[in-house]
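Given as structure tokens, the chain that follows is alone and in the form predicted on its own.
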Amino acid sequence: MNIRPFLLAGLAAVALLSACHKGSAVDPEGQGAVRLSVIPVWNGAPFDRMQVYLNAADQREQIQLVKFYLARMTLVAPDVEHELFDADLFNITNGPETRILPVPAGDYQQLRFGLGLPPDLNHTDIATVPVNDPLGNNSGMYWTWATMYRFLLFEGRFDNDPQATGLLPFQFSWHTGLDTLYRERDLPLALEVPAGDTVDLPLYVDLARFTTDGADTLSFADIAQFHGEVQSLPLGIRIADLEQGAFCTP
């Protein structure tokens, strides 16, 4: 995906969001900070939840919810690794979400993270977690029946007729979870973090890639609903693989 033509527009939106944060999260004694922004796009263009898109399976699609965990997000330099957070929850349905995170000054060449929760976090006893924590009960991500978490919620409406107009008649709802569907991703990066300064770290999520990677295309006609059912697990694996591939850095 060629994301560079949209970088300035994305960062402009991020700047508006980050203005709401208090303080710089910077320690001038060898510390800097990154402004991590998770930015939804569709085929590289800014995503609009009110728009009906034509997906790779030739279906009309409107996305109404995109919410997921990112885990063990780590900046990697040749001689050091720095974990930004253990797990955090992002809802990008209405646009980018931003976090300002302290990090040692340095030149970082890779961004590493998991989509979902690794097994040790996925099997957390929710009774031990504050309710407003990303893993807490108010997250709306806990699968009580499975005593573990949902990793990613992807919901909306679709129509199998690409020429139709008006309301989309069918609903889709993909909820990944289960240890089998946890995915890790390494992305190249060229990020210099000076001491005493905050630098932008955009992470793009191309929602068009949730149904295709150019080689594999998944149609809502094949699976409109997935909620961790064992009998549908092969399709769930395809969903998780496609979602993992949707993340990129500039």
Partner chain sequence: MIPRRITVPLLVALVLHAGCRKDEPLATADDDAFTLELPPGAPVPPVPEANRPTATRVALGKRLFFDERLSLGRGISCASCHHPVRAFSDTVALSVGVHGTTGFRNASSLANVAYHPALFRDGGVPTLEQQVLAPVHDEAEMDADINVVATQLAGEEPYRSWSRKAYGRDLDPYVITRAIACYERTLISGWSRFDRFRYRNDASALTAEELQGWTVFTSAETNCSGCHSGFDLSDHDYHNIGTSLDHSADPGRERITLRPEDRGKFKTPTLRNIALTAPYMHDGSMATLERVIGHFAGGGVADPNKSPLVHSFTLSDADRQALIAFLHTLTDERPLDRLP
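Positions refer to the first chain, counted from 1. For clarity, every value in this text was computed on a predicted model and none was experimentally measured.
One more form of this protein exists, namely the form predicted in complex with its partner chain; it is left out here, but the text below deals with it.
A.B. asks: Within 4.5 Å of its partner chain in the model of the complex, counting heavy atoms only, one of 127-135, 103-111, 168-176, 154-162 shows up; tell me which.
C.D. replies: Flagged stretch: 127-135.
A.B. asks: Does at least one non-hydrogen atom of residue 87 fall within 4.5 angstroms of its partner chain in the model of the complex?
C.D. replies: Contact check for residue 87: yes, within 4.5 Å of its partner chain in the model of the complex.
A.B. asks: Report yes if any heavy atom of residue 82 sits within 4.5 Å of a heavy atom of its partner chain in the model of the complex; otherwise report no.
C.D. replies: Flag for residue 82 set to no.
A.B. asks: Is residue 146 part of the interface with its partner chain in the model of the complex - any heavy atom within 4.5 Å?
C.D. replies: Yes, contact at 4.5 Å.
A.B. asks: With the partner left out here, check for me: in the model of the complex, does some heavy atom of residue 92 sit within 4.5 Å of its partner chain?
C.D. replies: Although its partner chain is absent here, residue 92 would stay clear of it in the model of the complex, with no heavy atoms inside 4.5 Å.
A.B. asks: Identify which of 141, 115, 121, 73 has a heavy atom within 4.5 Å of its partner chain in the model of the complex; exactly one of them does.
C.D. replies: When its partner chain is considered in the model of the complex, the option within 4.5 Å is 121.
A.B. asks: Going by heavy atoms, what in 212-232 lies within 4.5 angstroms of its partner chain in the model of the complex?
C.D. replies: Residues within 4.5 Å: 230, 231.
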